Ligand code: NAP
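Below you will find one chain, with nothing else, as structure tokens; this is the form predicted on its own, and questions on how it binds or moves follow later.
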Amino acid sequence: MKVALVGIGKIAVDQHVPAIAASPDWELAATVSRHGAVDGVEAYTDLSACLAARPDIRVVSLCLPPVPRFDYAMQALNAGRHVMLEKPPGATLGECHALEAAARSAGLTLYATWHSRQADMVAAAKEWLADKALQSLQITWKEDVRRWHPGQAWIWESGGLGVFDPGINALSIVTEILPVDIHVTGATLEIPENCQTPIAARIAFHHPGGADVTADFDWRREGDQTWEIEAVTDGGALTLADGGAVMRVNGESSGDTAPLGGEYPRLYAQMAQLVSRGGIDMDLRPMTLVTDALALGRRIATDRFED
């Protein structure tokens, strides 16, 4: 299938383009971007021009920041194209519900991707936890924003999510591996005085079985980066490390340290399957947890952020 990739920034170049190139299911037929392009691929600066000129392109994959994504996604759906959404799938839950309604009405595929769910050991962790009684779960997601989002001012504006941009990856894993749903009971948000979004967050969750579930997100971690989920159960302890690439159960490790390895190829394979059967996958639980944390969070002003 031919796909148009919209938004040629870091994540598109680093992950989407190689995943499409290596896939037997896809051909990167066009790009849409005001600033970027891919060598040898037809490039447009306007999505409407691309859609009009290339009726043979059945799928549009959106890698734009969340705030402008709704208009692009709706434009593609109105043109009869299937749509794949980089995480988070929109700036608001209302936008996401509207997109799903439009896709269902038109009989089109819509896929809210969560790349961290495709990390190597997430499925194994889900299987291990399925028959265990959870006692506690701690999420620790700490990284250096200057390393991973250099010069990306949009993440500090309204709708940019701040530290929840990586934090939602952890929440996408937790909502996948736990056999029951959790919800937010409280949060503390540290917001730089010159920004609209948090640079750090601590969150408490309600678990139906009474387990102590918490999260600690921080975008100020220099040196070693930490992406870990630690679960203690009646059957022992499990740790997902390196963003889900490595699993340790009662001290024994599985998997290789390769964050993002294989995740995007699996997303595109899943999109191909959804299109083939006319399916929709719009699991919004990770985004719901983020919006609830932002709604309940107590704001604390912190030092200015300078990129």
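Values in this document were obtained by computation on a predicted structure and should not be read as measured data. So that there is no doubt, residue numbering starts at 1 and follows the sequence shown.
This next part talks about the form predicted together with the ligand, which is not shown.
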Just one of 23 to 31, 63 to 71, 243 to 251, 274 to 282 has residues with a heavy atom within 4.5 Å of the ligand in the predicted complex, so point it out. 63 to 71
Contact residue in the predicted complex, from D165, E190, D120, D218 (heavy atom within 4.5 Å of the ligand): D165
Does the ligand get within 4.5 angstroms of any non-hydrogen atom of Y268 in the predicted complex? no
Taking the shortest heavy atom distance, is P198 within 4.5 Å of the ligand in the predicted complex? no
Are any of the heavy atoms in G9 no more than 4.5 Å from a heavy atom of the ligand in the predicted complex? yes
Going by a heavy atom distance of 4.5 Å, is W128 a contact of the ligand in the predicted complex? no
Could you list the residues in 36 to 50 that come within 4.5 Å of the ligand in the predicted complex, counting only heavy atoms and keeping sequence order? G36
